[in-house]
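Before any questions on how it binds or moves, here is one chain, the form predicted alone, in structure tokens.
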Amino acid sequence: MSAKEYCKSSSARGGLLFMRSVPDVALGDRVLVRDHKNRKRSGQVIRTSNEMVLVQVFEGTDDLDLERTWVRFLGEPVELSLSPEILGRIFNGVGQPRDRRPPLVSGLKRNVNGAPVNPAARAYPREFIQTGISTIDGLDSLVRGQKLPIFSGSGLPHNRLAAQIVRQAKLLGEDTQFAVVFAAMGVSYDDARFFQEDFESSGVLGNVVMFTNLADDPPIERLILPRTALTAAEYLAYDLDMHVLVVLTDMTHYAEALREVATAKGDVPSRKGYPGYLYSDLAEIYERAGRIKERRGSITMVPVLSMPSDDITHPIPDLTGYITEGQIVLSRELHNQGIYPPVHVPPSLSRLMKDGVGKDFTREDHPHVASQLYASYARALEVRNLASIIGAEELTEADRQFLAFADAFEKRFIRQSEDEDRTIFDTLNLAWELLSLLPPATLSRVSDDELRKYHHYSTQMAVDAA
């Protein structure tokens, strides 16, 4: 640690401090900034050359008197103190307590930027994770070690859905609850309070590590927060052998902070003003999830991002889709109908679902039932569009059955209450109840044995007639 302090700041803007000709400074070094009122702020070197050093100040650069601002370069990376006592705690983006409890005292510290993982050491994501939400468990199953984002929009209940996943996530057939690392970036005070009170009232807060950056906190702190949170997750997973679920919300706020800092640095903008390295920056975060061979622990990630103007082709969801293994898309139309969770089934998918469901993981009929639900609902939506043009009275009897299936599917399968925790067997049984609204001849994606065992079309018709 250097004992020297430098007063060579030339300018400050957007949380960045520009300094002239500071020798022997390395990229990524931790920095201590002391202002004219002797208040201390932390930072990190993000660019260095013979002429200029650029410091990212996590608490922002507001109210700095440059002529009386002193900077000390500590010669070490930004690190997070770690111990089992992080569970149940609430921190800010740089790991300082936000819960009015003492700072964590530990001899173990880790670089928040993490360490690269040899691809050959990665284990393939497997094993079904039950979230208790039918549209996810039944149709877009989450598996241990996967990255499955939620694509939402402004005003949609993605925060409520994320909180429900945190409360209910578990491994099927094991008496094991996930340790949860919850990272909130740029959220309102009300949202931060909602998350804390929800986890407290449900009794899961003691198993959760929260990292929170509020909307009025310095945006630049959002750039370090997901890395801090993932450092805690790696410690819980690979040092303490825990199964860790990481929820990052809202990654759009992260990307906007990255754009703001990139503009202040003078980086060349790319699509919609975001820097050209947005893809690699997001990948650096997302790829820290996964499993490692011969390690019991794992990191499963659910990033949440709100799509500007509900545009799924916007750079943030677009690039996220390239890096992750699927997406859960929320629908404004279903939300306006009062359906929660408003999961838009057709564009939602889980690319690793096939490796976590079936006979050895959930139930032997699960893959076929999911495929049949997709196919039947897709046809039902076509029939609904047709009915809006020619009128429902002009439909054939078969089309009317699909129309009834679509209504029942949305009201019974997609819709469920926030405190309803359905097992995967409840979800599959409900799926067969809904498929029983359709004649067996229309169900080509399930086997004859499965039809005989689970399909009850004649019984369902008798019930409907009664």
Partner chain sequence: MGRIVEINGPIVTIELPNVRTGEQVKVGKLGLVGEVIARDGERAVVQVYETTESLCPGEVAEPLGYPLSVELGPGLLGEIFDGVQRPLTKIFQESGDHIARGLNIAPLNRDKAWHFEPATQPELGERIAAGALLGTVQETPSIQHRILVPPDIEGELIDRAPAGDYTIEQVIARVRDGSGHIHALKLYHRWPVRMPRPYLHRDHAAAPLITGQRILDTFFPLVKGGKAAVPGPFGAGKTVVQQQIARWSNADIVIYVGCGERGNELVDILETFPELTDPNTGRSLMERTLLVANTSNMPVVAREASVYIGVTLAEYFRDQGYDVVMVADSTSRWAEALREVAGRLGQMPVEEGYPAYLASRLSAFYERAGRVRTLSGESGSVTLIGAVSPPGGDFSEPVTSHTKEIVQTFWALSKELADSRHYPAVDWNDSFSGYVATVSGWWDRHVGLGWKEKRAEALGLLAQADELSRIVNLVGPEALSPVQRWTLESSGLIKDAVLQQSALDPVDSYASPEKQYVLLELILEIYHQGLDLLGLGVPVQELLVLPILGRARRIKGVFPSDKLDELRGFGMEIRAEFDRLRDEYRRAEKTAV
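Note that the structure is predicted; figures quoted are calculated from it, not measured. For the two forms, the rigid core is made up of the largest set of C-alpha atoms that agree within 1.5 Å on superposition. Positions refer to the first chain, counted from 1.
Although not depicted, the form predicted together with the partner chain is the subject of the following passage.
When contacts are judged by a 4.5 Å heavy atom cut-off, R68 does not count as touching the partner chain in the predicted complex. Residue contact check for P125: one or more of its heavy atoms lie within 4.5 Å of the partner chain in the predicted complex.
For P347, a non-hydrogen atom is located within 4.5 Å of the partner chain in the predicted complex, even though that partner is not displayed.
With a 4.5 Å cutoff on heavy atoms, E394 counts as touching the partner chain in the predicted complex.
Remark: all three candidate residues (N50, P116 and R351) come within 4.5 Å of the partner chain in the predicted complex, counting heavy atoms only.
Only one listed stretch (204-212, 157-165, 330-338, 290-298) carries heavy atoms within 4.5 Å of the partner chain in the predicted complex, and that stretch is 290-298. Interface residue among S106, S270, T263, Q96, judged by heavy atoms within 4.5 Å of the partner chain in the predicted complex: S270. Site annotation in the predicted complex: the residue of L386, L74, L172, L240 reaching within 4.5 Å of the partner chain with a heavy atom is L386. For the stretch 276-292, the set of residues having any non-hydrogen atom within 4.5 angstroms of the partner chain in the predicted complex comprises G276, Y277, Y279, S280, A283, E284, E287, I292, in sequence order.
Once the rigid core is overlaid between this form and the one not shown, R68 does not reach a Cα shift of 2 Å, moving by less than that. Fitting the two forms on the rigid core leaves the C-alpha of L373 displaced by at least 2 angstroms between this form and the one not shown. Superposition of the core reveals a Cα shift of 2 Å or more for D399 between this form and the one not shown.
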